[in-house]
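A lone chain, given as structure tokens: the form predicted alone.
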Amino acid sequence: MNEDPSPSPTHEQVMTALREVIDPEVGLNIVDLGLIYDVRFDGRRVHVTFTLTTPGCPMQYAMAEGIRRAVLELSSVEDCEVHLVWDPPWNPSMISEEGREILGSNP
């Protein structure tokens, strides 16, 4: 029996990888910006659901490809599907506390 010895990816590993993807308009990673809505696993396949700060964002394809590449850098990942959604719409309250500190938005 030939079993793949590589472990399945973890949520923490994927989120760490996604922190490497920076929104070029804001200069903050997409996790702390609140753009990642869901990460699901199907064995070694990862499905990432994300949004953008505005529906007309010209970076949507570049951001999706950045997400895909970052996740595929993990040796435990076989494939990554990226899904862009607009509901719920993103708003600034979705920025993490760390993100607010980086952006200088915390009192």
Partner chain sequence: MNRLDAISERAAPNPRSWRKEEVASIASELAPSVDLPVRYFVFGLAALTLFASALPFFAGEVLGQHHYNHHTIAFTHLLVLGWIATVILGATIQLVPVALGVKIYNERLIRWTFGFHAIGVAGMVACFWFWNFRLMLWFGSCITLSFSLFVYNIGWTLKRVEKHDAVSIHIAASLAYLVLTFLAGQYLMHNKVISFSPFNVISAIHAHAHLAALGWFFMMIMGVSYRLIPMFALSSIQSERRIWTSFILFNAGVPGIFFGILLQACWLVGAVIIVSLALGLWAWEVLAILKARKRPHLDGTLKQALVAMAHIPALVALGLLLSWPSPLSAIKAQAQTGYGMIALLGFVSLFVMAMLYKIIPFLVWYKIYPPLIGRQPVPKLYELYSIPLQRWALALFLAGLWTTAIVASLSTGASSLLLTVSTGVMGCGILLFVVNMGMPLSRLILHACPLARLLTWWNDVRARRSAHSRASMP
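Numbering follows the first chain given and starts at 1. Worth saying up front: this structure is predicted, and the values here are computed from it rather than measured.
A second form of this protein, the form predicted together with the partner chain, is not displayed here; the remarks below concern that form.
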Open item on the list: Test of understanding: in the predicted bound form, would residue 41 fall inside 4.5 Å of the partner chain by heavy atoms?
Closed with: no
Open item on the list: When the contact criterion is heavy atoms within 4.5 Å, does residue 77 count as touching the partner chain in the predicted bound form?
Closed with: no
Open item on the list: How about residue 87 - does it come within 4.5 Å of the partner chain in the predicted bound form, if we only consider non-hydrogen atoms?
Closed with: yes
- [ ] With heavy atoms only and a cut-off of 4.5 Å, decide whether residue 14 touches the partner chain in the predicted bound form.
- [x] no
Open item on the list: With the partner chain taken in the predicted bound form, which residues across 86-103 come within 4.5 angstroms through any non-hydrogen atom?
Closed with: 87, 88, 90, 92, 93, 94, 95, 100, 103
